Ligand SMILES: N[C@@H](CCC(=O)N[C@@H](CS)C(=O)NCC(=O)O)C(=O)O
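Shown below, as structure tokens, is a lone chain in the form predicted alone; questions about how it binds or moves come after it.
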Amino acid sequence: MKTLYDMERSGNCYKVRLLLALLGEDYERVTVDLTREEPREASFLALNPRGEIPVLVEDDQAIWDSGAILVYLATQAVDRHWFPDAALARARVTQWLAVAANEVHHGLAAARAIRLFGRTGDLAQSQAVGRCALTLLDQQLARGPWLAGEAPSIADIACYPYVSIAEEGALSLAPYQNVARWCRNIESLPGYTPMMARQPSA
């Protein structure tokens, strides 16, 4: 049985929960409260020396970092489209994992963290990076329904969470119609589960 250490409002944790739901996998959840001392306790640091979530544990092995966990789960999946075996296709997916970890993280995720959680940072700068990320995604999605091919992959799962809640960072998806359509495509996938109790994108 897999065990996921996570927090409901974390977009990075949601990436893992979403893929697990789409794969139809059972798992146990352990909530980690980032506002308390839990991530800095020795027992948690033994799982992830960075003291961050998410962490996935299976067969007494801990995997940390949302991107690494997505790769781990997709590599095990029966449906190979989540992380294709072909070298070029796998490289295409990995490119968008990098976008999720950079432009999306430093833009959309950062703007949300500043507005909702009072994190220190330059909101205007984060929003500017967020708009660049949305433009990049919109241009790519003008070419097809998914970021890295003709089927959904972990490229889509990695980028979707913070894009879908961009409004929490005061960024509208209205100018990015290809992105809005892509969000609806993801929300229509069998097994889709929302981050929290909220309605899918209009």
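So that there is no doubt, residue numbering starts at 1 and follows the sequence shown. Being a predicted model, the structure only gives us computed values, none of them experimental.
The protein also exists as the form predicted together with the named molecule; that form is not presented, and the subsequent description refers to it.
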Of the options V57, A170, L34, L173, which one has a non-hydrogen atom that comes within 4.5 Å of the named molecule in the predicted bound form? L34
Just checking whether Y162 would be counted as a contact of the named molecule in the predicted bound form - the rule being heavy atoms within 4.5 angstroms. yes
Does R131 reach the named molecule in the predicted bound form if we count a contact as any heavy atom within 4.5 Å? no
Is I53 close enough to the named molecule in the predicted bound form to count, meaning some heavy atom within 4.5 Å? yes
Check S153 for me: does it contact the named molecule in the predicted bound form (non-hydrogen atoms, 4.5 angstroms)? no
Candidate stretches 45-53, 173-181, 23-31, 142-150 - the one whose heavy atoms come within 4.5 Å of the named molecule in the predicted bound form: 45-53
